[in-house]
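Only one chain comes next, encoded as structure tokens, the form predicted on its own.
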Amino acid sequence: MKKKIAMYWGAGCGGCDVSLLGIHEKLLDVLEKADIVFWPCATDFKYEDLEKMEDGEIDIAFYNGAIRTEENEKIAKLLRKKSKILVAYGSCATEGCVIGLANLYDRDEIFNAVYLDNETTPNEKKIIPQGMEKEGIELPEFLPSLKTLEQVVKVDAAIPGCPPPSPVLEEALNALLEGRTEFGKEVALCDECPRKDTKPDKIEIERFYRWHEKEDDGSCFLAQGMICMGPATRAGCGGECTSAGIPCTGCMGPVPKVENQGIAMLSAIASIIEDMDEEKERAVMESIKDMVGTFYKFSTAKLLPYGRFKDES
């Protein structure tokens, strides 16, 4: 019998839904083995359709996007109940992704910045979103902070990437349809990067540059004094960004068994500039702009979980 699969879109950009179509004709191979029974982003499925299903009726459910509203949380719990295997699909679901940087601020600060202190958006009545239901239309509550899928329900497998690259997705789909929840490479991106032969053991630089501030000579970005998250990022994408002249920003998440991707990358940087004197080393590190956005661009929500704010003890 064919497997029953589902896909849900939480808080995200929609790129993960599109990425499923990005495997092109191989999607037909998937559909030979599985039927899509719930995918509201692509077809006219209703929440009522999901609610009517038996518990465990769905073989594999893919949840992409993060948990930002009570609606996202409700459907995450419902999919967990209705599915045998629940998969965190993409960086938003696994780590919170770029939108997880919002966890540096509380809900009131976010609303004030967007709706009240924003000169480009006229809001004379000072109206901000409120959870409500009126005339059959429901506006879900905006949660105090953004959460990853695993911070809400038990997750059986994870597919990394923003969005998951086709080679990663193809391997994951094949494994899941065979009943396996373990897949993916166990090494860092540097192992498959086309620039790996120029990766330095040590570097002598005056400062770190952002990638658009310096002409790329084709060698390892770190050797050129540009931050590349490759040493702390899981392989699998084939170095798509580094091949295109853009340093890795870490969307594939940390190398397996590494909990904190940012600290792992800072350790890698420390190891290649350790021969500098203390004053020069400090100047080099201070040249890195936006430390959180650089080293925790995708993992802020995972490492700054629900309920932890700067004004709490």
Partner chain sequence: MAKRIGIFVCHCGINIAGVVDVERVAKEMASYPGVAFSTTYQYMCSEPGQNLIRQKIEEENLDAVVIAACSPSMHEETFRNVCGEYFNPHMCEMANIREQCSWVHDSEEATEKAFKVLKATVEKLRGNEDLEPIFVPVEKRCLVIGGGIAGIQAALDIADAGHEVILVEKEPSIGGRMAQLSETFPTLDCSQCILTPKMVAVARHPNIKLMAYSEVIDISGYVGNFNVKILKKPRYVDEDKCTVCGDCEDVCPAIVPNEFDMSKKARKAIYIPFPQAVPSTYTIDREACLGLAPLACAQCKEACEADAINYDMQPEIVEEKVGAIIVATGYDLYDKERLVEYGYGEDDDIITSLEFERMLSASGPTGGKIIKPSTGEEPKKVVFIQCAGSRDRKHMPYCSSICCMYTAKHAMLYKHAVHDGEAYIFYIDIRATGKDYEEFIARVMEEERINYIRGKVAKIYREGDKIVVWGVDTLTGKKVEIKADMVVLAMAVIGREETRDIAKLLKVAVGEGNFLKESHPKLKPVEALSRGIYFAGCAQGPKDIPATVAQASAAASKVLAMFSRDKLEKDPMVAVVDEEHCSGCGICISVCPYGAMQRQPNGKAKCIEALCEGCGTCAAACPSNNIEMKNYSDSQIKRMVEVVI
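Numbering follows the first chain given and starts at 1. The term rigid core refers to the maximal set of C-alpha atoms that superpose within 1.5 Å between the two forms. Just so we're clear, the structure is a prediction, and the values are computed from it rather than from any experiment.
The same protein also exists as the form predicted in complex with its partner chain; that form is not shown, yet it is the one meant from here on.
Although the partner is absent here, residue 272 is a contact residue: one of its heavy atoms lies within 4.5 angstroms of its partner chain in the predicted bound form.
Of the heavy atoms in residue 203, some are within 4.5 Å of its partner chain in the predicted bound form. Under a 4.5 angstroms non-hydrogen atom cutoff, its partner chain in the predicted bound form has residue 186 among its neighbouring residues. Shown alone here, residue 85 lies farther than 4.5 Å from its partner chain in the predicted bound form, counting heavy atoms only. Of the listed positions (78, 190, 177, 153), a single one reaches within 4.5 angstroms of its partner chain by any non-hydrogen atom in the predicted bound form, namely 190. The single contact residue among 60, 30, 255, 53, judged by any heavy atom lying within 4.5 Å of its partner chain in the predicted bound form, is 255. Along 216 to 238, these residues reach a heavy atom to within 4.5 Å of its partner chain in the predicted bound form: 222, 231, 232. If you fit the rigid core between this form and the one not shown, you'll see the Cα of residue 32 move by less than 2 angstroms.
Residue 53: CA moves less than 2 Å between this form and the one not shown after rigid-core fitting. For residue 275, a C-alpha deviation of 2 angstroms or more is recorded between this form and the one not shown after rigid-core alignment. The pair residue 201 and residue 299 separates in the predicted bound form: their C-alpha atoms are at least 3 Å more distant from each other than in the form depicted. A shift of at least 3 angstroms brings the Cα atoms of residue 204 and residue 188 nearer to each other in the predicted bound form than in the displayed structure.
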